[in-house]
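The chain below stands alone, shown as C-alpha cells; this is the form predicted on its own.
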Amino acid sequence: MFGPKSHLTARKGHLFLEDVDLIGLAEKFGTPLYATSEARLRANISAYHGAFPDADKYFAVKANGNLTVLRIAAQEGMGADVFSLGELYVARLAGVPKERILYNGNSKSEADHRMALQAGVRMSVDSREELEYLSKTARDLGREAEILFRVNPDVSPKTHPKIATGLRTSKFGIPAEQVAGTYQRAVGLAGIKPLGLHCHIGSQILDVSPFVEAMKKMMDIAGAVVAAGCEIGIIDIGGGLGIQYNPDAPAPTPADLAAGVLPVFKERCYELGIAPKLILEPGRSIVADTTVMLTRVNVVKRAHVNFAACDAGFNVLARPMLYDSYHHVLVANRAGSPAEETYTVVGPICETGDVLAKERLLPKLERGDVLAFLDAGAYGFSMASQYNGQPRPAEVLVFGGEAELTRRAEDPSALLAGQRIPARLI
C-alpha cells in the first residue's frame, strides 16, 4: 500500500506508524500533530553511511530543528549544518561535537561571527566582503576562524525556483571565477584559516545529474585553488537530494547519488594529488519521510468543489502554500477503504491560499475524520507559525509500540511570549 514506506501500515482500518495507532495518538495528544518514526530516521541515516562510508554527513538543521531528532542524528554520527545562532545552540545542546558543525549563511552579522568563533565551529564564508569582516572580528577576539568558501557553481538543479541555490543569479556563494583569488587572500589574512570549499545547489532534486555537474565544477575550482599554491582539506557538496512525495515521482537514493559523484571526486582528487575530506549536508532525505502530520476534519463543505476543512493550515504545514508542494494524504481512520470522492483539503487560516491538498481522491469524508499528510518531517514544524493566533502543535516520537512527547503543544499563552504593554497604556 505504501511502497517503500515500511514504517507505515494499515491495520483493521487504522493507519499505524511503526506499531502505534495514529488514531490513538490523535486522541491522546490532539491535532494537529507531528509524529516521527525513530526507526525510519535511523535507517535513513544508515543509508547515507552505507553509500558514503568515508564522508562526513552534516544534518541540515533547517529541515527539522527538533531537539530529539538532532540527538538521534548525533548518536548516529552526524554533524550539523546550521544557519543561525539558534540552530547552533540546539545542535550543541543535542550533543553534536563542535568539530562537526558548519555555520552557514549569506548574511551573517558580527554577532553571528562572534558566537561561531567563541563556540569554536567552522564557518562557510559567502563573499569576499564577509572574509574581511570575519578577519577583523577574529583578530579582535584573539581567535582563528576555520573556514570553507561557499562557491556559486552556476548549476541548474531542476527544482522549484525558490529552492534553487546554485544558480549564478542566486544570492548564495562566491562566483566560481573569484574563488581561487579569494582563497589566496585568505591564506595570508590574520585570524583566518582556510580549509576548503563548500557548495549547495538546491533542494528536492530528483535527478542525480546536477550533483555530478556540481562535483565536476567544484573539482575544477579545487584545481584552480591548488594551482594558486593553496591547500584544500575539505570539499563540501551540500545536500538537496529529493524524496518521493508523490507516489508517481520516484526519487534517487543515497546510493544513486554516490554512484554519480564519488567516481568524479576520486578521479579528480587523484589527478590533483589531493586527499580532502568529503562532506555532505542531507536534510530532507534524512527526515522527511519519517514523519506524518495529523489533522482532523472540522467540516465537509460541498460548493463548487468538495472542501474538507481541517484544524491544520499553512500555519502548520507551509510547503503547499509556499511551493505548491505535494504531500500524499491518507485518511488515518479509514485506511484501506476505497476512494470515493474528490476533495480539496483546506485549513482554518483567513487566506485563500490556505490549501494543503488540491483535488484528492479519498474515501468519503465526514467531520472528525483524521487525515495523515505523509513525508512531513522536513520543513514542516520548522516552518510552522502562530499566524491568526494559532498555537503551534505537539510533536511525538514513535519507537516500536511506544510514543513519547518531544515537544508539547502550545497553548494561547505562547502567543504572549516576550510581549509587554507599555506602562502608560495600562
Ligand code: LLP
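This one's a predicted model, so the numbers in the text were calculated from it and none came from an experiment. Heads up: residue numbers just count along the shown sequence, starting at 1.
Below, we turn to the form predicted in complex with this ligand, even though it does not appear here.
Distance criterion of 4.5 Å from any heavy atom to this ligand in the predicted bound form singles out 241 from the list 197, 308, 145, 241. Here is the short version: of 295, 290, 315, 203, the single residue with a heavy atom within 4.5 Å of this ligand in the predicted bound form is 203. With this ligand left out of view, the stretch that reaches within 4.5 Å of it through heavy atoms in the predicted bound form is, among 277-285, 223-231, 176-184, 351-359, 277-285. Within 4.5 Å of some heavy atom of this ligand in the predicted bound form lies at least one heavy atom of residue 319.
The closest heavy atom approach of residue 381 to this ligand in the predicted bound form falls outside 4.5 Å. This ligand in the predicted bound form is not approached by residue 89, whose heavy atoms all lie more than 4.5 angstroms from it. This ligand in the predicted bound form is approached by residue 150, whose closest heavy atom lies within 4.5 angstroms of it. Taking this ligand as positioned in the predicted bound form, the residues of 71-110 that bring a heavy atom within 4.5 Å of it are, in sequence order, 81, 83, 104.
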